[in-house]
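As C-alpha cells, the next two blocks hold two forms of the same chain, structure 1 and structure 2.
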Structure 1
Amino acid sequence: MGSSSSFWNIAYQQAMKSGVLVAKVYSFLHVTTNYLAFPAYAFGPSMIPTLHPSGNVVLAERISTRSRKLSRGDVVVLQSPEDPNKTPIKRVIGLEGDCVSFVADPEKSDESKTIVVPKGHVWVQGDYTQNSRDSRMFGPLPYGLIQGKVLWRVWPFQDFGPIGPTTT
C-alpha cells in the first residue's frame, strides 16, 4: 500500500537528515578543537604555583603552535615522549639554539649539566621542579609533540584569568 512505503520514505529521510546534522556538528567540533582552541584538564603538582595540583581546566590554543610562534615562558600542552597517550602541561624554558643549564638529578648530587637545544626542539620544565618529569629527564622535546599553548584558566571560577609568561 502507498502509505506504508511513504512511512519508510519519511523515516529514511529523517534518518539521513539527522545523520548529516551529526556529521556537521562532529566536523565543526573537530576543526575547532584541532585548529583553533581546546580545553584541557590539568592536575598534579608539577606546575605549582601556576596551576593547582587538585585540578584546573585551562583553555589552550593551536594557532601559535601551528605557526611556530612560541616564546620562552609559554605554558604548553604537550604529548609525553614517554607515553603518547598522556598530555602533560609544562612551561617552555628554552627554544632551539638556546643553552640550558639544569641539575640532572637533584636527589643524588648538585652537579649541573649544560645542553644546547637542538634544531626543531624545545626545552620544557614544570614550574615546581622538585616534583616534575620534564626535559631534565626525557631530554629536549620535538616541536611536533606540542599540542597547544595555554591561554586562560577557566575553572575553578575563582581562579579565572590568563596564564602568563612568568610564574604567578
Structure 2
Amino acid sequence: MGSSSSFWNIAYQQAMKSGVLVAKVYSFLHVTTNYLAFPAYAFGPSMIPTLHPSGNVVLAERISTRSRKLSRGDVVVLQSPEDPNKTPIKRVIGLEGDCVSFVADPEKSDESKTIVVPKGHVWVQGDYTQNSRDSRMFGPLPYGLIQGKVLWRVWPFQDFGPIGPTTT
C-alpha cells in the first residue's frame, strides 16, 4: 500500500514540475511577442527590392511603435485598415505634420497629390509603388495600427541581416 501512494506522490511532483515549466515558457513567449519582439511573414511584390516577393520571415520590435519613436524610412508591420486579418509590411514615408506628395495611380496618370499627415498618423508606402496597396489607397495610417518596426530579415538565410531605414 505504501509503494502505491509514493508512486502517485512522485507522479504528482513530476506533473507539477512539468506544469510549472510549461507555464514559465508560455509566460516568457507571451511577454516577448506581445511587448518586445515578434516574427512576421512578408510576401508579395510591394516591398521589392527590400524584401523578396516569394516570402521573408522578419523580426520586428514593438518598443519603438509603442513609444511612437518611428522615423522616415523605417519598415513597419501594420494591421491593414482594409482587412484587419492582414498584416502587410510597408515603409514609413511621412510622419505627423509632414507634407507628402505622391502619384495616386502611377499606371494611369502622372497626376500628383499632396497631403498633410494628420496628428497621430503616419504615411506608409511599399518600395515598389507600381504594385502596392498603401496610404495612397487608404490614406494616412493611425499609429494604433502599427504593430512593430522591422529590424532583421531572418529567412531566407542567405539574406539574414538587419533591415535599416532608407531615406526616400
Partner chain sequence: MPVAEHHILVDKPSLDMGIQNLIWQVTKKAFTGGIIGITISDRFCSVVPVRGDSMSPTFNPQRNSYLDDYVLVEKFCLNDYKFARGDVVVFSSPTHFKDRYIKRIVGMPGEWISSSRDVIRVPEGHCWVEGDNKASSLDSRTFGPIPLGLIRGRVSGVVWPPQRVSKIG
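One-based numbering along structure 1's sequence throughout. All values derive from a computational prediction rather than experimental measurement. Superpose the two forms; the largest set of C-alphas matching within 1.5 Å is the rigid core.
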query	finding
Structure corresponding to the form predicted together with its partner chain	1
Displaced residue check between the two structures: residue 130, CA, 2 Å or over, core reference	no
Residue 144: Cα shift of 2 Å or greater between the two structures (core-aligned)	no
Residue 27 C-alpha relocation of at least 2 Å between the two structures, rigid core basis	yes
